[in-house]
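Before any questions on binding or motion, here is one chain by itself as structure tokens, the form predicted on its own.
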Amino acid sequence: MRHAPHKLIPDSFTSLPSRTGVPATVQVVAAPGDDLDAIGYGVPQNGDVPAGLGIDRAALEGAGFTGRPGQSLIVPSGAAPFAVAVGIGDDDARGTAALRDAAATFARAAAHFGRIGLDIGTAFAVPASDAGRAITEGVLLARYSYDVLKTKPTTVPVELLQIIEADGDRIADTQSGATAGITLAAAENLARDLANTPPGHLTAVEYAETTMESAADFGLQVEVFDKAALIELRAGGILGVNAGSVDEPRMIVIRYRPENPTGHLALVGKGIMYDSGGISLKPSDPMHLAMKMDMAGSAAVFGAMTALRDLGCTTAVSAWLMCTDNMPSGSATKLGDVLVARNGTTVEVKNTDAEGRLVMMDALVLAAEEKPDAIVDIATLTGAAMRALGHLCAVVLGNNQPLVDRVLASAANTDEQACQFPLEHRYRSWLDSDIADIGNLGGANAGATTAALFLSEFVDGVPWAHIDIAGTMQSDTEDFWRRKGATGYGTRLLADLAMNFAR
């Protein structure tokens, strides 16, 4: 008999959204308040040093601080607020992404302080609203920590963030951007929480319950499909992957419906709660340990959906989260078995560790049946994508170049980097099967492309883009606003895509 794991936290995410690192107040002010613990000052590699630091460039350089991006230095003083020098580099690199990085650098340096302010000066030629959003995101994403299972939490919460803006004409727009930044950072930290949670603490069933319980808080409609309902839907892919599990699968359908929508965007997220590889068992290495994050695509979709109402999104968005674990057992799908997708396509299972595309094929068919203006899916799909681009850049493929261009633009807007790969149809024959319509594996090479070609079989000609986040789902190091562990990659990208989507 399987016993439920002992849980040190509540059974579900009953207090969504995650507010890890999110302050009670973000203020844009002309001058810092008297009750701050620390104030950060942007210091360029060349030029004047802000007077608020209280020391000159010679003293900074004597301490090894040159002003390059990523550097910080707390200036010792007898009392708060402490001054923090934050490197902002040279003029050529000072865009929105660099501003977000600078804010993250400050947040890390001031990690022990709860009431903080940042004076970046006039070094960044960034629109006021973009500046407010980037600074807020940088601070809140960098301050994130998943410590709910630690007996002694190590994170000092941010009680107050002040953004110091001397130009009075920019204050209102900067504040508006900061408000959006809070929403987006909370959404991405929620996605991080979900992906960081151990698989014994968040099953597909619990995930579905979480979305149901929280839907009204975000103006969302949620419908959950259990195993019996999936059988009625003829969703052979997710049922086949779930065959080896003791936990039921769930398909979670989430809808955001604004008044007078300007378009309809469909999102599909891979939600493999834990991926052992099934009968094609993974080796027991660090990547196997990270497979609790194989649902990171669904987490990004859910996180993005929670932000849409507060951002004032005018696009109608429908989302399908395909959730199950992939386990070996006597009842598990075997190599050589044939599954039948909702649209009747027969699929030979050549490798049970190529399961993500199997659960997603049914969702893509269901999404296409609704005739949306576009479909975008996001998934931790292939090791090939990670080997090609590492942990900082996702792979994007699609059947519609304008849609792919929109996805890449949103990646650039949010600094969630992505690169387009070709959907080379001459590789389609690699997916041929001797006994079924298609196989679920294309061979040892071009894995990211052949996986996307498989998915393309199920979109019925609807404009579609695929985001492979196998590499970007986690970070092994601390990198500006990316914390070690689950990154939440794709959350802000998808929210930006929905906000800027047009038919």
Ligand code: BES
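Just count from 1 along the sequence shown to find any residue number. If you're wondering where the values come from, they're calculated on a predicted model, not measured in any experiment.
The following text describes the form predicted together with this ligand, which does not appear among the structures shown.
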Query raised in the report: Is Lys282 close enough to touch this ligand in the predicted complex, meaning at least one heavy atom pair within 4.5 Å?
Result: yes
Query raised in the report: Any of the heavy atoms of Asp377 lying within 4.5 Å of this ligand in the predicted complex?
Result: no
Query - this ligand contact in the predicted complex: Ala384, any heavy atom under 4.5 Å - result: yes
Query raised in the report: Taking the shortest heavy atom distance, is Arg143 within 4.5 Å of this ligand in the predicted complex?
Result: no
Report summary line: Per contact check vs this ligand in the predicted complex (non-hydrogen atom within 4.5 angstroms), the hit among 309 to 317, 291 to 299, 212 to 220, 181 to 189 is 291 to 299
Query - Option touching this ligand, based on a heavy atom within 4.5 Å in the predicted complex, out of Glu355, Asp362, Glu165, Glu137 - result: Glu355
Report summary line: Picking from Asn351, Ser331, Thr155, Thr122, the single residue whose non-hydrogen atoms come within 4.5 angstroms of this ligand in the predicted complex is Asn351
Query raised in the report: Taking this ligand in the predicted complex, which residues of 453 to 475 have any heavy atom within 4.5 Å of it?
Result: Ala470, Met473
